[in-house]
Ligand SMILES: Cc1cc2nc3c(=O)[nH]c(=O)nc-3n(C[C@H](O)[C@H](O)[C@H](O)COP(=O)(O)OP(=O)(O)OC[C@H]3O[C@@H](n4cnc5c(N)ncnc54)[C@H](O)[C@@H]3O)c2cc1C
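To begin, one chain is listed below as C-alpha cells, in the form predicted on its own.
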Amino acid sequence: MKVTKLPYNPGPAAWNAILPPDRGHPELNSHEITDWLIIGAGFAGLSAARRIQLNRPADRITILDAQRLAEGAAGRNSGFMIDLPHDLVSKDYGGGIHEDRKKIKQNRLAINIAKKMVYDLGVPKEAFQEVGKVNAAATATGIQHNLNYKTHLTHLKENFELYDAQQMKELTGTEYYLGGLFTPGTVMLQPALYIRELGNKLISKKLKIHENSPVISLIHKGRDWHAQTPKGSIITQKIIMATNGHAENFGLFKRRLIHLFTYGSMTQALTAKESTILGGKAHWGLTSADPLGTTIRKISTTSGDRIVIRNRVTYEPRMHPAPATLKRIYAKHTASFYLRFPNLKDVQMAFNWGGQLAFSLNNVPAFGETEKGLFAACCQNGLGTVNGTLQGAAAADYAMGINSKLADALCLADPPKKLLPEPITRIAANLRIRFGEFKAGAEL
C-alpha cells in the first residue's frame, strides 16, 4: 500500500513550544529488521510499545513517527484525560447506565495504564496531574445541562460537586460563569511533556524511536512487512498502526472515518501584574456545559502563567483546513478570550494551532487485525488521551496473543460504518456542526 498523503496539523504545537528544547530522536536513515514496528508515537503507539516492552523484553521494537514527538495530534489536545461519560452528542454527556458504567471502567483502566507508565518511568508530575475538572456553565441552558448531568452521575453513583457563580469566580478569576459541576477523576496532562518524556524513557537497547520518518509505503511479502521511509526501510512481521485518522491514507478503513479538526490558542506568559489582576487559582481546567462550547485551561509552569482556549470544529475530509478557515477561527478564539477575561485586554495569543480528530458514525474504534500481522489501534472518536491509551495497550495484547477481555471486547465490536457518498456526508456534517455551535450560544 502506498501512503497517499502525510499528516498535516496547522500552526505550532504550543504545548511543545513552551517546553525547553530536547535532542529528540534520529531519523531512520538505514535498513533495519525488527520484531515489532509501531507506526505513530502518540498515546496509542507509546502505550502499545510499553505493553510489548514489559511482556516481551527480548523483542526488538521500532517506533516511527512522521513528525517530531508531540508535534502531531497527541501534542495538540487540551490535555483532559476524562474518566466519566463524555458523549458529545448527549444532553447529559451520558448514555445508558449499563453502557456508561462499562465505559467508565474502561476510561479508568486507561488512566491507570498511563499512571503506571508515569510512575514506573519517572515522568515529571507536571505532565500528569490528578486534579479533576469543572463542567462550566455560562447560560441558564448550560446550568440546566449540568443539572441533567448531575442526575445522570447520581444514578451512576459517581462523586461530583456543584459550584455557584461565586465559586467559579474564586476558581477562575472571571465573572463569566454562572455555575459549574466539578468531578474529581479527570487527569490534567501537559500532553507534549507526557508524550516527549514517555518517548525518552522508553528508549532501551531493544527499543528505538525515529522521528521525522514517515512511512511512505507498506508492502506485505510472504510473512514479512516492508515499510519504506524517505531515507530508510524496516522489515518486520508485526505492525501496530497507531495513526488515528491517518490510517485512511494507508488505504485502511476507506470511507469509514469522519475527519474533523479542532483548534486551540494559548496566550503569552502573563506578567505578574496580569496574574494578580486575573486572580483565581493557579491551575484549573474547564470543559463546557454545552458539547460544542469552549474549553479553557489555566496553567502555571516554568514558562509562566498562561491560558489555553479551545473551540470550533470543522469537517475536513481532505485533512487540510484552508488558511481562511484558520484565520476566522483564531479570531473567534481571541473574541472568546476577551469575553471571559475583559480585564486582560493587553494579553495576546502567542500560539494558534489545529489538530486532527477521527470519528466513526457508530462511535466505535478502527481496531483489530486488518491483514495478517497488521494490527490497527485507530479512530479514537475525539477522546485520544483515554481511547488512544486503551486501544494501544489492547492492540499490543491482541498482537502478542495475551488473553485480554478488553482486546476481546474491542475485536467483537462492530466495525466503523461506511459513510454516505460526498457531498451528502459533508453537508450533513457541516449542518450538524453549525447547528450545534448556534445552540451553544454564550457557551461558545
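Residue indices: 1-based, along the sequence shown. Note that the coordinates shown come from a computational prediction; the quantities given were computed from them, not determined experimentally.
Separately, the form predicted together with the ligand exists; it is not shown, and the next lines address it.
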**Request:** Only one of G180, P365, G79, G293 comes within 4.5 Å of the ligand in the model of the complex by heavy atoms, so just point that one out.
**Result:** G79
**Item:** Contact residue in the model of the complex, chosen from F337, Y176, F250, Y149 - any heavy atom within 4.5 Å of the ligand
**Value:** F250
**Prompt:** I52, T62 and A114: each with a heavy atom within 4.5 Å of the ligand in the model of the complex?
**Reply:** no
**Request:** Consider L444 of the chain shown here, and say whether it contacts the ligand in the model of the complex, taking contact as heavy atoms within 4.5 Å.
**Result:** no
**Request:** Evaluate P85 for contact with the ligand in the model of the complex, applying a 4.5 angstroms cut-off between non-hydrogen atoms, and reply yes or no.
**Result:** no
**Request:** Evaluate A440 for contact with the ligand in the model of the complex, applying a 4.5 angstroms cut-off between non-hydrogen atoms, and reply yes or no.
**Result:** no
**Prompt:** Does W353 reach the ligand in the model of the complex if we count a contact as any heavy atom within 4.5 Å?
**Reply:** yes
**Fill in**
Assert contact_stretch over 339 to 347, 100 to 108, 259 to 267, 161 to 169 against the ligand in the model of the complex, heavy atom within 4.5 Å, equals 259 to 267
**Asked** Listed by sequence position, which residues of 195 to 232 have a non-hydrogen atom within 4.5 angstroms of the ligand in the model of the complex?
**Response** S213, P214, V215
